[in-house]
Structure formats: structure tokens, C-alpha cells
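Before any questions on binding or motion, here is one chain by itself as C-alpha cells, the form predicted on its own.
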Amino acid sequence: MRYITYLVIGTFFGIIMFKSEAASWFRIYEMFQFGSFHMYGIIGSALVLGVIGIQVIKRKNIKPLNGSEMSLQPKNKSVARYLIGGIIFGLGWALAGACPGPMYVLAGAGYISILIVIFGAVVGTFLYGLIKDRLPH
């Protein structure tokens, strides 16, 4: 039953991403050219809703679907790790024309060429898993 819940939420998320044009290469290109507020508005709205959602979870002690305790630990403060990680993420986003969420939305919408990008993302994640213990976290 839990997997059906995740499937429904993911499908809803994908429809919203596609209909809001957040998965559109043109919109992403337009954002990186500072040509439109469209994507900044979507990202900003997600940020505000995320902050509010985390505060509600913390204050109301909301439990995950499996009923266990929620574990929200503060992250280590460091400029270099977020700067380097953000640059790598942004370069990948600009080169691929999609960040991780929209990649799957585009695959679901029938854009077969995005499967090459998804393959690269999976390989990159696997390689990170292999070397993460040797990286300066």
C-alpha cells in the first residue's frame, strides 16, 4: 500500500512539473539567461513551501508514513562544499537541460533521449557512492 501512495504522489508531482513547464528545456534555458521569472518563481515557491513544511513537521512532531520518528538533523556549515556542489549541480543542469525531478518527467512524457541523461545521473551517483568516504565532507 505504501508503494501505491508513493506512485500516486510521484505521478501527481510529474503532472504538476509538466503542466507548469518546469520540465521544459526552453524554460530552463530562459532561466539561465535571466530572461524570465517563471522558473525562479517555481523554485522560490518550492523553497518557501519547504521551509514552512519543515517547520510544521518539527512543531507538530509529524511522523512519516511508516510511523517511525522523523529525524531532521542540522547540516554541517561550510561554504566550499555547497559552492562546489552547487557549481557541479548547476553545470549538469545546464548541460542536460533538466535537473533530477524533470528528467523522469521528461522520460514519462516520451522524450526518449533523456534516458541518456538519466543513465549518466545513475552512473554519477554510483561513482559518488564508491568514492564518498575519500571525499572531504
Partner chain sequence: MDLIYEPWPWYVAGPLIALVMFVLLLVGKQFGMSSNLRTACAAVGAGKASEFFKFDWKAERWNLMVVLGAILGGFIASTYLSENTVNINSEIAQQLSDDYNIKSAGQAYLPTEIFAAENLANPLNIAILLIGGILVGFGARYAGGCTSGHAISGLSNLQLPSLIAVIGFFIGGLVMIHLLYPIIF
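In this text, all values refer to a predicted model and were calculated from it rather than measured experimentally. Numbering follows the first chain given and starts at 1. Take the two forms, superpose them, and find the largest set of C-alpha atoms that agree within 1.5 Å; that set is the rigid core.
The next section is about a form of this same protein that is not shown, the form predicted together with the partner chain.
Even though the partner chain is not shown here, does residue 75 get within 4.5 Å of it in the predicted bound form, heavy atoms only? The answer is yes: residue 75 has a heavy atom within 4.5 Å of the partner chain.
With heavy atoms only and a cut-off of 4.5 Å, decide whether residue 61 touches the partner chain in the predicted bound form. No, residue 61 is distant from the partner.
Out of 35-50, which residues reach within 4.5 Å of the partner chain in the predicted bound form, heavy atoms considered? The stretch touches the partner through 35, 37, 38, 40, 41, 42, 43, 45, 46, 47, 49, 50.
Could you check, with the core superposed, whether the Cα atom of residue 33 shifts 2 Å or more between this form and the one not shown? After core superposition, the C-alpha of residue 33 moves less than 2 Å between this form and the one not shown.
Pair residue 71/residue 9, Cα separation in the predicted bound form versus the displayed form, closer or farther by 3 angstroms or more: Closer in the predicted bound form, by 3 Å or more.
Residue 65 and residue 99, C-alpha gap in the predicted bound form relative to this structure (3 Å or more): Result: farther.
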